[in-house]
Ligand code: HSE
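Next up: a single chain in structure tokens, the form predicted alone.
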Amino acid sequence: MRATFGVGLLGLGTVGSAVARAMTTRTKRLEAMAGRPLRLVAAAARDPKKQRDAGGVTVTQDVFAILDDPDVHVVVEVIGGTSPARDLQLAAFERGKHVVTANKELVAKEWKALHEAARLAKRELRFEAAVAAAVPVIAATRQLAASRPRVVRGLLNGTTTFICSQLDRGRSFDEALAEAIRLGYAEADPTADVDGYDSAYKLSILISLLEGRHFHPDDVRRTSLRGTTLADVESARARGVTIRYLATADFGEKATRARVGPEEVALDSLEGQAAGTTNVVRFETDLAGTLVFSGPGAGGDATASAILGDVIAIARSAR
């Protein structure tokens, strides 16, 4: 049996707790898939005294105690945002750790810095969970490297999908947003979701992978969902279509044009039928034709599934 592979967890919110819980309850499954034992060594949280699901491991406020721990081989960062997450990921690489993250904003904005740090450290940077959670869209995008992309189009944000599906049911935008917040699908400040920042980060990551170069999220044109009314949806449905918050990249010969915003889709399409936090991603390429992926794009367990898939992949390949 190969040596135990240690995991250090930065962040114990919904996703971090789901990762810790899965590592505790699925030890045999994870070991079988990784080809070696996986062990959660420690977890970091802002308030270590707060009652949390940490899988029975030590919870510390000192993140560098984890980064400097020789028993930690991979750091899982689920803090979110760019600060201090950027510095912590770079510090992890400097100390010879691999990094797995669900942080779409950081990966989208700091693509070059993070990939260069990973290259210099000869360690892996993996971020399957940053786009579409449990749906293996990042892995699929990497497999399309030989194909020339033509269009990427779909629903990349579960909150806006939920709101649009509620508009289909006759609720106003404000009512649908309030329900999304109540159910935990949206934050108290829903700006990142309804104004398109979240979708833009995810689309930026997909374009960067498909083009082999950084496509900054600032180059994605954003239109807010806030201006969409119940009357707009009712008018659309009368014509056999409805409204969903779409992310679209058109790959031209000379330039790639990317946008996120409310658009009309056929009622009987995957996008038109999507409800809850469902993500739908459609790739159109020259060699591979059209590929479509759909599934839960948010939630602690779904995101933990993607994170642990990355951890397993690193553990299998690491010496």
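By rigid core we mean the largest C-alpha set that fits within 1.5 Å across both forms. Everything quoted here is computed from the prediction, not taken from an experiment. Numbers for residues come from their place in the sequence shown, where the first is 1.
Quick note: we don't show the form predicted in complex with this ligand, though the next part is all about it.
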Even though the partner isn't displayed, in the predicted complex is residue 158 close enough to this ligand, meaning a heavy atom within 4.5 Å? yes
Verify the contact flag for residue 185: yes if a non-hydrogen atom of it lies within 4.5 Å of a non-hydrogen atom of this ligand in the predicted complex, no if not. yes
Is residue 128 near this ligand? Define near as a heavy atom within 4.5 Å, in the predicted complex. no
Mark residue 77 yes when one of its heavy atoms lies within 4.5 Å of a heavy atom of this ligand in the predicted complex, and no otherwise. no
Please identify, from 91-99, 142-150, 192-200, 108-116, the stretch that has a heavy atom within 4.5 Å of this ligand in the predicted complex. 192-200
Using a superposition on the rigid core, decide whether the Cα position of residue 206 changes by 2 angstroms or more between this form and the one not shown. no
When the rigid core is used for the superposition, does residue 177 move between this form and the one not shown (threshold: C-alpha shift of 2 Å or more)? yes
